[in-house]
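Below you'll find only one chain, the form predicted on its own, shown as structure tokens.
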């Protein structure tokens, strides 16, 4: 993000109104490679391709905030790899990580990884180190420390069904797993901040919290996120595009000040649920509208989104979730024009 974009983001997060209306998208490997015209594996394995794809995005759309910006990652294999999870990388499909916990009894033997040396994390950091001069020459800076959230990582290490079952049947084991992952995440986010002093934001992604009831969220989700987001950075950004009505009222207590949701809830309702204390990034349907072939539908959805808000302060207009595969440059321009006009 440029200095100007960062200033705008901070103003929005502070509850201010911005003119023209701010637009931003979460972009990473599900969208960038194919939009740029390369295979997903090329994007992951060739640092020059990764950097050029990200530079093209910010140059083609200079008025759009791309979050977190120059995201160095290896898809869902990123953090699980540090725990020893085996990653599978098809040539042009999304990667996935094999679970390493076959039963809850394995949790006690799990150790906190070293993010400086373990799994794919050193490659992520080194890619950013090597790219930093060109990123800054383009007028941008590395602004966010990024990680999947603790429940999300637990679901990859153990399996989603198995982890959710452990919460109910063996809660002490689930707590132990989350404490181990939270300790790792504090180290990982801290290492990113130490490596790049320009970082003044944390971005975490966790959809598993969307599958918890209030009691489970209070027990298993809230303490972890409160610990991780209680820090001195300016932007504390959370993504959860699973159902969020249970967790959204807790966002202020979690110290989250920017939230990206799904599209099954209105921004107006989220303003109420969060007591208008959290800036929101969203939320037209990403796949069925933004990635669709009907540009009139995109324009209509964007215009309706703006009209639905009597107060546009604290809002960054986007889709509900990250940028999905298949969104063309034309579709993005239609969305931008509809919001701005």
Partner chain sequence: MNELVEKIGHCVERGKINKASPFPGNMKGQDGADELTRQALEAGMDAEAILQSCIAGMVRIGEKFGRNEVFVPEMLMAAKAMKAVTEHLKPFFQSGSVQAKGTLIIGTVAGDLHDIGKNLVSMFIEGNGWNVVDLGVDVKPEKFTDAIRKNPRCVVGLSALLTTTIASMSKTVREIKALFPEIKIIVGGAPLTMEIATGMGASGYARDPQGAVTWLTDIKETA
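Remember, it's a predicted structure, so these values are computed and weren't measured experimentally. Positions refer to the first chain, counted from 1.
There is another form of the same protein, the form predicted together with its partner chain; it is not shown, and what comes next is about it.
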Query raised in the report: So which of 47-55, 298-306, 281-289, 64-72 is the stretch with heavy atoms within 4.5 Å of its partner chain in the predicted bound form?
Result: 281-289
Query - Proximity to its partner chain in the predicted bound form, single hit among 142, 254, 147, 97 (heavy atom within 4.5 Å) - result: 97
Report summary line: Of 270, 76, 238, 185, the only residue with a heavy atom within 4.5 Å of its partner chain in the predicted bound form is 76
Report task. Evaluate residue 203 for contact with its partner chain in the predicted bound form, applying a 4.5 angstroms cut-off between non-hydrogen atoms, and reply yes or no. Result -> no
**Report entry** 4.5 Å heavy atom contact, residue 213 and its partner chain in the predicted bound form
**Finding:** yes
Query raised in the report: Does its partner chain come within 4.5 Å of any heavy atom of residue 164 in the predicted bound form?
Result: yes
Requested in this report: Check whether residue 85 has any heavy atom within 4.5 Å of a heavy atom of its partner chain in the predicted bound form, and answer yes or no.
Outcome: no
Query raised in the report: Looking at its partner chain in the predicted bound form, is some heavy atom of each of 123, 135 and 259 within 4.5 Å of it?
Result: no
**Report entry** Within 4.5 Å of its partner chain in the predicted bound form: residues from 248-279 (heavy atom criterion)
**Finding:** 263
